[in-house]
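Okay, here we've got a single chain as structure tokens, the form predicted on its own, with questions on binding and movement later.
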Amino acid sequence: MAAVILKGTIVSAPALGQLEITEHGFLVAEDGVIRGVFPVLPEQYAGAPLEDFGDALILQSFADLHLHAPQYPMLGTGMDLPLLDWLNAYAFPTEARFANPDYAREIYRHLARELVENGTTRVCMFSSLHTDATLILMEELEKAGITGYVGKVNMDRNSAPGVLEETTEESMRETLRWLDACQDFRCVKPVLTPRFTPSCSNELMAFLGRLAAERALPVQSHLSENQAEMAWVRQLHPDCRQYWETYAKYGLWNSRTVMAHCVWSDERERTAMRDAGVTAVHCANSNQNICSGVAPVRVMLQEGVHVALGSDIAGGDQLHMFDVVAATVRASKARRILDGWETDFLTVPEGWFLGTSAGAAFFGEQPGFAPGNRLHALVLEDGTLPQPHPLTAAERLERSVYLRQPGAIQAVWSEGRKVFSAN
């Protein structure tokens, strides 16, 4: 792979709340790996092919660490129901349609392209319980140039009888069939996915824990999203003092674990996340839409918990991560009000870090456009928007979070390869 040299106003997030800005700079990668950001192009690259984007912003692309692919067709519906009712009325029947491979192919191809065209290049994603549809999802993501993890959902109890269900034996057998069938994917890898504790029997959870250890697989699930859900978990696992322990006792709680929501995680549960290196994925839109609550993200960060962002479609109604960052900032302001103005809200640079660098960390990357990282980037044009005054690069980034001109994203790179171009 030849050198990739991008010229423009380069903005990255090297640390929470910090922006690194190089006006009319050069972002250089070789063989898909970033070599550096330079104010002047190093002499060794003189004469190499260069893409000059003028005054456009060159930004890190997004990492979406929690979304449900089979819920993509139901975006924007069922928003007036609480979580458990919403699952039964909308999510489970929608997911059941993915027993049809042709339907899965059509929907997942569209989803993959929309992700790429809007600058999301890394994901940690739920499929449905259907093995064949999960493999189709992985194929379509890989074709589109998206990297990350996809999981076949496990759910052998408290599901939707006659609509969406599997026995314990089926769940275990199909999980092994799926893992055997997806070994040749280069950029999209498997993640074990117990839907959430109420939907998985003790036998199934123990099986997944053994599998995670034997094959060194990551794990994704849900944690402390909704108070009714938490009460249900306590009934199912009276031996566990808190929700997180229902994962930990089966070996599903470590630095390769991603837990979505954590809205009601108290200090003890947050300490368990920090000590184990678990990543908490904040899903602001979903938490608001389904009235789950407002997660204490500022407190999590202060306590040393790893936090990243997820669109959580279709509980979340926005797939595009610019909008997810904006929702994250707004939610933090609501949390500040609820806390009696005792906690600070998140700034746009902090939200941007959570949507880019914090998510990329789960894939072993350093924050920002650090040398040694794989090239994941997008180019954003904002020249047709009116200006109240000449805007700084930081102001332009802030505005792009809340407002974008039509066709703002001009190009996207994933793993060093251009995967989208508006031209």
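From a predicted model like this one, the values you see are computed outputs, not experimental measurements. Residue indices: 1-based, along the sequence shown.
Only in words, not in the display: the form predicted together with guanine (GUN), which the text now covers.
Discussion item. Can you pick out, from I290, V191, V188, A272, the residue that has a heavy atom within 4.5 Å of guanine (GUN) in the predicted complex?
Written reply: The option sitting close enough to the partner is I290.
Worksheet item: Pick from S171, S224, T134, S286: which residue has any heavy atom within 4.5 angstroms of guanine (GUN) in the predicted complex?
Response: Of the candidates S171, S224, T134, S286, S286 is the one lying within 4.5 Å of guanine (GUN) in the predicted complex.
Worksheet item: Which among 83-91, 113-121, 299-307, 319-327 is in contact with guanine (GUN) in the predicted complex, heavy atoms within 4.5 angstroms?
Response: Checking each option against the 4.5 Å cut-off leaves 83-91.
Practice prompt. May I ask you to check whether Y108 falls inside a 4.5 Å heavy atom distance of guanine (GUN) in the predicted complex?
Written response: No, Y108 sits far enough from guanine (GUN) in the predicted complex that none of its heavy atoms falls within 4.5 Å.
Fill in: 4.5 Å heavy atom contact, H261 and guanine (GUN) in the predicted complex
Yes, H261 is a contact residue.
Fill in: Exercise: H68 in contact with guanine (GUN) in the predicted complex, heavy atom 4.5 Å
Yes, contact at 4.5 Å.
Worksheet item: Can F353 be called a contact residue for guanine (GUN) in the predicted complex at 4.5 Å between heavy atoms?
Response: F353: no contact with guanine (GUN) in the predicted complex.
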